[in-house]
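Only one chain comes next, encoded as structure tokens, the form predicted on its own.
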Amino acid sequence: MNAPFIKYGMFGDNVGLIVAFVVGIGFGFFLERAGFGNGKKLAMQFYFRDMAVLKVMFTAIITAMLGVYFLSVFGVLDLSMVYLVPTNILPQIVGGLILGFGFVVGGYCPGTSCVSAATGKIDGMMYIVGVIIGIFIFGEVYPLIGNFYNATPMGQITISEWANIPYGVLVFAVVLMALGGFAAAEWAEKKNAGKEGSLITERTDA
């Protein structure tokens, strides 16, 4: 085993921050090239007219998941040393719903809003302002919601551990789910093709 590199002392925190910065720039670049700096394109997924977000993100997820799995199988990556964010299931479900609501209304998630702002879009900049304000408000009300924030702790746990199934089985299931998601996305796009144009025509005629 020789990965994660930082856990095996191959470089320190300062180099780790540089690596994270470079990877972040690359991630943002590819998000922008995929069109994810456009709030309208991102919002179209919720109307099943442009499912590029689902396709790209599912592709990224299964690529990373397969990479991590096979690196661990070949003895390159020690999964036990990979940091996992502790799970507090109830507050994280609520947080996910709030994030999803904001995504539908604003057209961005935190990452894509940064991409949008970096390319000079005003709506992306305003979204980041909203994120900063939200962080400030959260910090102010934390004493009131701290108990809920730390409720239902499950520790550092993976889905395979929680479901008591082998990691490889979970990876296979996610790949199948992704393939099903791709097929459903293609079907939805074809079914809803032209609806936006017909709606505009109807409004113009009216």
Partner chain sequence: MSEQNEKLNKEKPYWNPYLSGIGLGIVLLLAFVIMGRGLGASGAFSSLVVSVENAVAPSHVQSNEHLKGYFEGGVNPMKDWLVFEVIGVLAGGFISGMLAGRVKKGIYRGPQITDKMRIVYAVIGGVMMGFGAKLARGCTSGQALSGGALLNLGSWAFMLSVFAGAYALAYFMRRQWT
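Since the model is a prediction, treat every value here as computed from it, not as a measurement. Residue numbers count along the first chain shown, from 1.
Keep in mind that the form predicted in complex with its partner chain is not shown, yet the notes after this line are about it.
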Tell me, yes or no, whether Val104 is in contact with its partner chain in the model of the complex, where a contact means a heavy atom of each within 4.5 Å. yes
Although the partner isn't part of this model, could you tell me whether Pro143 comes within 4.5 Å of its partner chain in the model of the complex, counting any heavy atom of the residue? yes
Do Ala193 and its partner chain come within 4.5 Å of each other in the model of the complex, heavy atoms counted? no
With a cut-off of 4.5 Å between heavy atoms, is Tyr83 one of the residues that contacts its partner chain in the model of the complex? yes
If you look in the model of the complex, which residues in 115-143 sit within 4.5 Å of its partner chain (heavy atoms)? Val115, Ala118, Thr119, Gly120, Lys121, Ile122, Asp123, Met126, Tyr127, Ile128, Gly130, Val131, Ile132, Ile133, Gly134, Ile135, Phe136, Ile137, Phe138, Gly139, Glu140, Val141, Tyr142, Pro143
